[in-house]
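Starting off, we have a lone chain in the form predicted on its own, written out as structure tokens.
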Amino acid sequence: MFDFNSMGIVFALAGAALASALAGIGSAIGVGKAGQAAAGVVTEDPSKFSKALIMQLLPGTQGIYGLLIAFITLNRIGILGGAAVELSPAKGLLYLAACMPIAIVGLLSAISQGKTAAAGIMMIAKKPDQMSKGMIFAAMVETYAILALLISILAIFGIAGLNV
């Protein structure tokens, strides 16, 4: 029989899963887009491999941020320690909501950062000495993923003190 009062842990787990999965999907797409550009550049000039690889790695950070939020959430709800805590449905929904900033922003910013990194890689093809400018362009997109990570962390740690 379905018991809504035991759904808190399910909601919290859904938040952790979404944070990890959506940010990871975004990173996979972004790294893939940058990798396509890198492969084209390296085909023409293999000496640019290391510069292209560094640019390709940039969109991968959002996946790491989503994974971090998932670990923090799993730790807070006792799943990692082997003793899950009792969570009300309301508290479970709060964890789900707390995970959503990095899930959504991680997904979208990683894809955008992949496109920006790909453009930076194309810049390296023509002017290898301009790599730092390409990295700055890609890092500007990263700013929003970091802000979302911060909001998710603050929200998760703020939930513990709430009586819901």
Partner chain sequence: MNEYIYSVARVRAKETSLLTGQDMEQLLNSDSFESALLMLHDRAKQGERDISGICADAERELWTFLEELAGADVLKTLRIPIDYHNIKASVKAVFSDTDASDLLLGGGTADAETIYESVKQREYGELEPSLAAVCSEATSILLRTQDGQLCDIYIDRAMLRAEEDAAKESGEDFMVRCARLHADTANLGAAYRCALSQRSLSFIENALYDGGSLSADALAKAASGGMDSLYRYVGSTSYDSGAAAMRSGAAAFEKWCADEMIKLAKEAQFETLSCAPIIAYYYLKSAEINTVRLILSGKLNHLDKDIIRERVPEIYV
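Everything numeric in this text was worked out from a predicted model, so none of it was measured. Positions refer to the first chain, counted from 1.
Below: the form predicted in complex with its partner chain, not depicted.
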- Query: Just to confirm, Leu107 within 4.5 Å of its partner chain in the predicted bound form by heavy atoms?
  - Reply: no
- Message: in the predicted bound form, is there a heavy atom of its partner chain that lies within 4.5 Å of any heavy atom of Lys33, even though the partner is absent here?
- Response: yes
- Query: Does its partner chain come within 4.5 Å of any heavy atom of Ala37 in the predicted bound form?
  - Reply: yes
- With the cut-off set at 4.5 Å between non-hydrogen atoms, does Glu44 touch its partner chain in the predicted bound form? yes
- Query: Want to guess which of 119-127, 57-65, 133-141, 94-102 is within 4.5 Å of its partner chain in the predicted bound form, heavy atoms only?
  - Reply: 119-127
